[in-house]
Structure formats: structure tokens, C-alpha cells
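Below you will find one chain, with nothing else, as C-alpha cells; this is the form predicted on its own, and questions on how it binds or moves follow later.
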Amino acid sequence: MYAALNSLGFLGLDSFVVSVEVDIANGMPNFDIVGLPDAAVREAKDRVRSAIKNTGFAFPVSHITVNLAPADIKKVGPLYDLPIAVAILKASGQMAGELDRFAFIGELSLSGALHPVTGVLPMVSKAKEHGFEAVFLPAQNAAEASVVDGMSVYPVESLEQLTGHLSGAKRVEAAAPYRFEAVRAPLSLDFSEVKGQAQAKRALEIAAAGAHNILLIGPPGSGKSMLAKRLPSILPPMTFEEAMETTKIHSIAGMVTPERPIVSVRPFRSPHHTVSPAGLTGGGSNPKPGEVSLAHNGVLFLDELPEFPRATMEVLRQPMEDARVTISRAQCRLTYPCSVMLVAAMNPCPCGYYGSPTRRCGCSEAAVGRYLGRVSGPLLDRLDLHIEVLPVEFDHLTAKGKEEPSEAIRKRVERARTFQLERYRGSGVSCNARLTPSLLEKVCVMSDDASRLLKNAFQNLGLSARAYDRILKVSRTIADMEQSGQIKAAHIAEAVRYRSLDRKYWSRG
């Protein structure tokens, strides 16, 4: 007796259709699962056996072979429990009906109840591409799956409920389609709470307007972390396409909940400095996305940057340049997107007061050099803006006037982003930080004064080619904030000023 039905699988962000085939033959009772299953898939035989018995069906006392095709792709996780159980019931004659137009996903408990699984959104998207009529999956995953427009999603609580629906005894209602709404970050952390720091606020506004990377350096207590944590409050809302990309990554990581089926607010990830390279960029025997991918379309904040191990910091160099992470393993090669704003904060020395106007530094020159040397030149070169955050003066702390709120800053950021979106429409580029070399030359048109100023800065400061490109991109953003089609000398001058701080700290003596 033979039966086959459809399920799905995922490898990184790539999903694929899995044909679940069951053959029940005479012979010694046995239960084999083939098709490159991992340990969780192989253990399905015990869960499926108990679930079928506890649901009131008879488990065949025969030689059962389950094949998960294609056999050359590794099958991961317990999501094949439900399709295996349904296929066994169909092959043994305990369930009738045509199931070719459906796909089944879900983990079974021993009682037959369904538990949620990860990676549902990319798998249901693939089911739609292949023309499946409906997907049956755990009820707790239904909200996430309903984000996919045009696909019937049936939330199932148990194997018994599913068999009742398929037999026509008691129908299950399809989940209502999810309606996406752009959501701005909650203003629980607002820039109006930050006293003073006008220069740092201006730099963060520019960074938000162009999605540029930024470094904040200054003594303890100057407000570096306070400023960085308020950056999401001035970022523009996510588009539906951005939300879908980000949610797929979070779905694979198991971070999507029924209450929050789609990531509608830009992520803000702040890993501790003890994070491993694999934890930051992704990895493991079954590779999962790391912090840099979980921050996709949002902010990755690295506080106390020199405290991160050198190897951990250096793995960021390629993802920052390419906006994607590639993880290679013996059996697979996965790519996760990671288009992020990197915000780094650090003290200038071990005690934190090197160069401070208010307190004397107690570190030796050698200690300061070793501390700053933990941040390599190539990594520093990939940070578009370098900002010194000095201690807030007493007059600013005690001032009664209100600081500018995040809402006002965000309106200017959104206006600049809209200017960019219109310019790059159809090019695949969404912001100035992602400009390609060919577009850079086309859109960064400078006045004669601006060109001369940039040439002098390049020669006198010894800038690299990468620094030159990034100054142009930041200048383009500053011009966009003024709705200027041409980059002027004032825009270049401000952008160069944000690239000169490394000369004070990293080129001493």
C-alpha cells in the first residue's frame, strides 16, 4: 500500500517542496525514514506512532518506509510529523480523499496535538509559488502563515481535528488574511529626553536619513548608549517588502509569535560583547541566522566595541560591504541578507577619559594604543560617520527648555528617504548607503567648489578609496536633507568632518 502527499522544507531562506511518500509492505514490523533526515526527523517515528494510536486510529503492524524527496537535501526539524502521519493513514486505508493540492506542516505530540514549528513564512510563500490550494499547519503558526496573500491557511489543533476536516465530519475555518500596516517605532525612548549633544543628534539624523554606519566615541556617561537606543525612534517605517524579508529571517530563528506574526518595526539588536563570531553572523550544524541578519533592515548596536574579540569584529567586514552573510558547510551553502545600520559605541581608552576636557586620563600611551588598536583600520574605514560625544555641560543638563522630539526629526528623515526612493526607483537601491559604484558617479554630482574641497581633503588626510566613496554617500544624504540635487561645498565639508575623528585617536603622535 502506497501514498504520497506534499510538505515543505527550508534551507536558509530558500524553501523547497518535499514529497512525503509512504509504503506499507508485508514483513517484519519496522519503521524506516529515508531521504537525508536529521535526528529530529528520525525521531518522528515514535511521535507519529503514539499520535496515531492516541487519536483512535490503528497503527499498521507492517514494514513501513517513509521517503522524503528530494533525497539529496537534508531535512531538518520535527515539521514532517504531520505529513508522515497523514500519509500513513492514507496508505493504510484509514483516510480517503485527494490530497495532492494541499501541503502539510507540523510537529505532533504523543497525544496527537500539534506544536508550532519554525520557518513557516518562507515555506508557505513557496507553497503559493508552486500553486498549492491550501496549507494545513499548527494553529499557533496560522497568523504568521496568513501574511502570504492568496493562500488558504487552515489552523489545526490536533491530528484528530485535521482528519475530521478532511473526512468532512467537521470543517475547520481558514485563517483570515493578515492585513499589513506600516508601524513606527514606539516613542518610549525619545530624543527629547537627551539634553544637549546637538552634534551627535545631527550625525544620527544624517545616519538615519541615509542608513549609514556610525561610530560614537567618548568618555563614560556622555550619553553614547542613550543616543544609540533612541535611533529607532527616528527611522522611517518599514515597507511591506522589507517587513516580509525581515520576518522570514525571524521565522527561521523561531522568533515569530501569534501576537506578532510579522516584524513591522525595524529591528534593534544589541548583542553583548561576549557573543561569538557564529552568534554574530550565523552558523551551527544546522546554520541559523546570527545577530547581523536578525537586524536586517534595522539597527545592529555594538556597545563597548573594543571589548568584542578581534575575530568577532573582523567577521563583520564582508557583511557590512555586501549586505549579506554566506555560511558554508560540508553539505550546504546558505546566504542570509543583512542590510543593517551598524552603530558602534566605545570609550577612547581603558579608563575612558583619554582626551576628555573634564577628567584626566590615567592610562599610559601604550595602554591607550593597545585599546584603540583592538578596532582595526579596515573596520573603522567601513564606519561612515565618526562622532565624538563629549560630556554634557551643566547648563544643558539644567536647562528648562524642551529638546527636539523624535517625531520632528523623523519627519525630516522620512522626507530625505522619500527623495532617495524616487531617485532610485527601479534600480534595486533603497538608500544612499547602498549606492553601487555605477550609480555613485551618476547621482553624486558636485559643484566645482565641492569637487575642489573633496580633492584637497583626499590628499591632505590620506583618505582611502573606500573613505572617498563613503564621504560622497554621506554628502549625498546631507544634500537630500536639504532637497538639493547637487552636492555643494558645505555638504562635503560636513561629511569630511565626520571622517576626521580617527586622526585624533588612531593617528596620535
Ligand SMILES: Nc1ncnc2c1ncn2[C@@H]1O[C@H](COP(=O)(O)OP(=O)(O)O)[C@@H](O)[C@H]1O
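Start at 1 with the first residue shown and count on from there. Predicted model only: the values in this text are computed from it and were never measured.
Not pictured, yet referred to below: the form predicted together with the named molecule.
Contact with the named molecule in the predicted bound form, judged by any heavy atom within 4.5 Å, is made by just one of 406, 281, 251, 222: 222. For the options 411, 115, 130, 195, the residue carrying a heavy atom within 4.5 angstroms of the named molecule in the predicted bound form is 195. Mapping the unseen interface onto this chain, residue 226 counts among the residues with a heavy atom inside 4.5 Å of the named molecule in the predicted bound form. Looking at residue 392, you'd find a heavy atom of it within 4.5 angstroms of the named molecule in the predicted bound form. Partner contact region in the predicted bound form: 212 to 220, out of 380 to 388, 170 to 178, 212 to 220, 264 to 272, criterion any non-hydrogen atom within 4.5 Å of the named molecule.
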